[in-house]
Structure formats: C-alpha cells, structure tokens
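Next up is one chain by itself, shown in structure tokens, the form predicted alone.
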Amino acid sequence: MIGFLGAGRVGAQAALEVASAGIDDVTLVDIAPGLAEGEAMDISQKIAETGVDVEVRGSTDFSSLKGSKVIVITAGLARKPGMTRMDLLQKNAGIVTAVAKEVAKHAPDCVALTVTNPMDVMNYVVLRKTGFPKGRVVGMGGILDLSRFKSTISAMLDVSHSSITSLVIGEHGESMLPLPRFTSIGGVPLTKLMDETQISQAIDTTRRVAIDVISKKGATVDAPANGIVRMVKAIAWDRREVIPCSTYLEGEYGVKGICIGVPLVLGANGVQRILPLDLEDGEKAQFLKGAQTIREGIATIESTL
C-alpha cells in the first residue's frame, strides 16, 4: 500500500497517478473532514472504467496508514504568489512534526517521502521525528527541478524531451544547482550546443519557473505529482533508479548534518547509496550556498524539534 498524508491538490493528483498506474493500493489521509474520502471515491470511479484493480481509500484516521510501503508527506500549507519556499518554514514545521510522529507510530517500516516545502528542511524534520534510519527518509525535489530544466532546454533548442539527459542537485529552492556539464542532447554535450549566456538563461528560467506557475494558476501540481510517482515506482518496484533526491549527508559533498539533493540509487529500502560527483569550484560554491540556506532554516526551528 502507498499512503498519502495530505489530500490537497498535489497529494490527490499523485495518488490518482499511482492508482492509475496500478502500482499498489492507495490510502489518503487528511484532517479536513470528507476531503480524503471524496478524493478516494473520485479516483476509484476513474480507475474502475479503465480496468485498474487497486483499492483506493480515504480517511481522517492516521491508523489507516498501517502496512504502507511508502508514505508520501504533502501535508502543509502551499506556496502562494510572492512567497518563497522558506516563507512556509515555521507553520509547516509544526504540521510536519505532527504527521511524522503518526508515520512512525502507524507505519514504522515504511519509506517516508517528503514533499512539503521548504522540502529539504522538512525532510530533516521527518528524519528527526520518525527516528527512521536515514535511508528510509527521502525528499522529492531534484526530479522536479530536473523536469523544469529539461523543459526549458527543450524549448530553447527545439528538441524532444526524450533526447535530454541532465542532472539538478542541491537545495530545492532558489539555490538549486542545474549541472550543464552533466547535460547532453542525444549524447552531445549541452556546452557544445549553447553558449554561456544561453546556459545562464536556462538556469535562471529553471529557478524561477515555479513562481511563474504559481502566479498564473495558484499552485504547481502536475510536475510535482509526476516526481512523486517516479520515486514511488522506484521504491515500490525496487527499480534501483538513479534520481536526484534529498537525503541526509554525513560528509558526502563536503556537507554533514542536513538533508539536501544529490544523485542516489532509490529502491525498496529507500536510499541504497549516494553517488559521488566531482564538482568544479563554481558548482561547489552554489551547492554549499544552498546547504547554508538549509542550515539556516533548520536553525530557525531547531528549538521546536
């Protein structure tokens, strides 16, 4: 079973896609009376017509998460136009603290997948409050940032999305680190197809695109849900897929004591291993800038943990 803590727009869309793909049974939990139940009914009716045989349930009762392989945590306040992810810090820290305790209580063997923003800080909160081994707490951000970078490159070069291989690491926020050196188009290095000005434009667009989406439709939904589903598949099906995700570092990349996005192998037990990269000085500086932002966020809420 795949559990979802939070049946808002992102949680409900991801649950729909998980159920539609027949990955596993789905349980949605939300404190808003009727919301999770209504979403479950709607999803169930959709997959009934398409012939997918998984059970979808909704509840306000956290105990219904018992037996979950993966629990996706989207509970919390969403970004509004003009807000940064860090603007959500204090309120969402309290919400995530409460739900993480429920995860540990009712699904002590699951992999916790953190989505709530500011994601890297909230992933740290989930790790602390569940008491899980670090490998069983992982955050969704890198795959979302990667999808945005690929979309931007595709538009600029007029090439198929399927031809692009790339990587985005670091903080899931304004200090994210798209890596042009590790980006290719059908095997051709991006640096052979774009000059420095164009690459800088692509990176800047990637960093601000979420703000543009939020200003126009009120929330980012489809791309985050896709990132969740890809990670859920990797865990539920033990695909051991290499995905940039937020995980707790203990010296890797010169960082320790925080959660931040790096390339890792994701499988049935969560994080199987972290993959190393040799970052150039500018890349490392940007990565450490994001790490410092996360440290400052953690310091702001440390007394409440």
Ligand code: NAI
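Numbering starts at 1 and runs along the sequence shown. If you're wondering where the values come from, they're calculated on a predicted model, not measured in any experiment.
One more form of this protein exists, namely the form predicted in complex with the named molecule; it is left out here, but the text below deals with it.
Contact with the named molecule, judged by heavy atoms within 4.5 Å in the predicted complex, is confined among 141-149, 230-238, 197-205, 183-191 to 141-149. Contact with the named molecule in the predicted complex, defined as a heavy atom within 4.5 Å, holds for exactly one of 103, 125, 111, 88, namely 88.
Screening 242, 41, 31, 268 for any heavy atom within 4.5 Å of the named molecule in the predicted complex leaves a single hit, 31. Mapping the unseen interface onto this chain, residue 95 counts among the residues with a heavy atom inside 4.5 Å of the named molecule in the predicted complex. Proximity of residue 115 to the named molecule in the predicted complex: non-hydrogen atoms within 4.5 Å are present.
The named molecule in the predicted complex is not approached by residue 71, whose heavy atoms all lie more than 4.5 angstroms from it.
Interface residue remark: residue 78 is counted as part of the site for the named molecule in the predicted complex, having a heavy atom within 4.5 Å. Taken together, 134, 249 and 292 are entirely out of contact with the named molecule in the predicted complex: none brings a heavy atom within 4.5 Å. Along 156-178, a non-hydrogen atom within 4.5 Å of the named molecule in the predicted complex is carried only by 172.
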